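Next up: just one chain, as structure tokens, the form predicted on its own.
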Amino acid sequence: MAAASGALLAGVNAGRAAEGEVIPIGAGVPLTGWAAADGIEFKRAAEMARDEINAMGGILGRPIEVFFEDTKNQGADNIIPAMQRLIDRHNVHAIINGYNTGAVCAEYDTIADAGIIYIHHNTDIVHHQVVGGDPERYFGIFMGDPAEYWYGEGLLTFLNNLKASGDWAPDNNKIAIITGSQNYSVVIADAIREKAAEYGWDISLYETVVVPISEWGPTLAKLRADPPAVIAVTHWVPQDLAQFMLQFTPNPTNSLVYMQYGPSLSAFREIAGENANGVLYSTVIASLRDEKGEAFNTAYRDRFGADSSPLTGAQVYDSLHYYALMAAIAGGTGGPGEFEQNQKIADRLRSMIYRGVMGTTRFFIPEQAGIPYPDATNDPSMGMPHQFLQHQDYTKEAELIAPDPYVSAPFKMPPWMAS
């Protein structure tokens, strides 16, 4: 955070640690269950942001404290009670967390009834429909990243740009799509399928697999029978994706392999090993490789260890920082039932352009969801970068290969493909 931001947060206490009445902030995160590896990073990032904010004077002199509730295996039956406990037990003024899946906005009414701010990263197009459909009721609910829909069309743009650059000459114009049954994966898969012809692509295979999945033989047989230029796997669990690569590379097709989000997690590289090299993936919720992002990455690993994942924690880190800034501008925070004060904070969030470690956060209005660059704006200073990355050396973090101006390395042909 810049010195000017610190002064704004601290108000008259700039330069002094916060020491007033504590402001409770909540986080509903998966500390146990299948997503616990991510949940641990969400918790770490919240604690790191908390300590930085408090060291700069808190929010107008008041320190914040973060209370965590476990959303376990997620879904509405776990997420809604976790949110309710944060409100009832801890009287939180805001709930700020990473992603939770499966509730499909069902927790929104719990938040709306309390009238507090809620910033999440569920990457769910249904958020647009719910908040955009009744912005007055859901005034305090923000999705801190773009909806998953943009991953589909964004991939098609990326592929066409890769062809146009001359870095890749596909054998054909076929894309094979493999999706799990989860709504997140299906929305991305459908977006690719629905827009493919518009971008000059044909869909040669659209297959839904039952997940979790470790045996990819039947799917691979179909791919080998009709090799596509691109294999797009929109299922995202890293262990499953690593098994795909372990079974694909011994007898590969001459295809780019794109996978959704899962390769960003360390478990993918640990299981796939050298078979990870060449895999493409994208995300909108990861720290960048620029000066600001790398400073955060270094500080995060120094605090939590070399095996920690700042790319995952970045979403919560940025969100807690910009909530604190907007609350300070609005004159302070508001607890449950303090609708008027929280509406002031929401107004500030709606007009905000915040440059954090993930790039620029700015919200669609009235949907209150992150705007992606370059998918929805041509200006990198006005949208969150839709990052395309490639594993080029599985012993290291992936390289950011698009979009400009954030690129850290050029695209490399995967080792299984003909040169």
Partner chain sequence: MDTFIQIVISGLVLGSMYSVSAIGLTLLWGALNVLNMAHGAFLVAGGYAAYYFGGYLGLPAYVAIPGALATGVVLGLLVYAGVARPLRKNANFETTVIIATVGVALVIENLVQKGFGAYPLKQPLSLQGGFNIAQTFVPWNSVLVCVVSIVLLVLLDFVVRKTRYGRMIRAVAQNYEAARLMGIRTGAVYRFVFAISGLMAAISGIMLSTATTLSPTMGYDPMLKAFIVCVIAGLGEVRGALIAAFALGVLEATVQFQLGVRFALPLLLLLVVVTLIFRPQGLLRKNEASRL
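Positions refer to the first chain, counted from 1. Since this is a predicted model, take the numbers as computed values, not measurements.
From this point on, the text means the form predicted together with its partner chain, which you will not see here.
Only one segment in the set 121-129, 90-98, 344-352, 246-254 has any non-hydrogen atom within 4.5 angstroms of its partner chain in the model of the complex, and it is 246-254. Interface residue among Ala112, Val186, Cys105, Ile271 relative to its partner chain in the model of the complex, by the heavy atom within 4.5 Å criterion: Ile271. Only one of the listed residues (Gln239, Ser204, Asn277, Asn161) places a non-hydrogen atom within 4.5 angstroms of its partner chain in the model of the complex, and that residue is Gln239. At a distance threshold of 4.5 angstroms between non-hydrogen atoms, Ala267 is in contact with its partner chain in the model of the complex. The closest heavy atom approach of Thr377 to its partner chain in the model of the complex falls outside 4.5 Å. In the model of the complex, none of the heavy atoms of Thr157 sits within 4.5 Å of a heavy atom of its partner chain. By the criterion of a heavy atom within 4.5 Å, Val210 is counted among the residues contacting its partner chain in the model of the complex. For the partner-free chain shown, nothing in 319-343 comes within 4.5 angstroms of its partner chain in the model of the complex, judged by any non-hydrogen atom.
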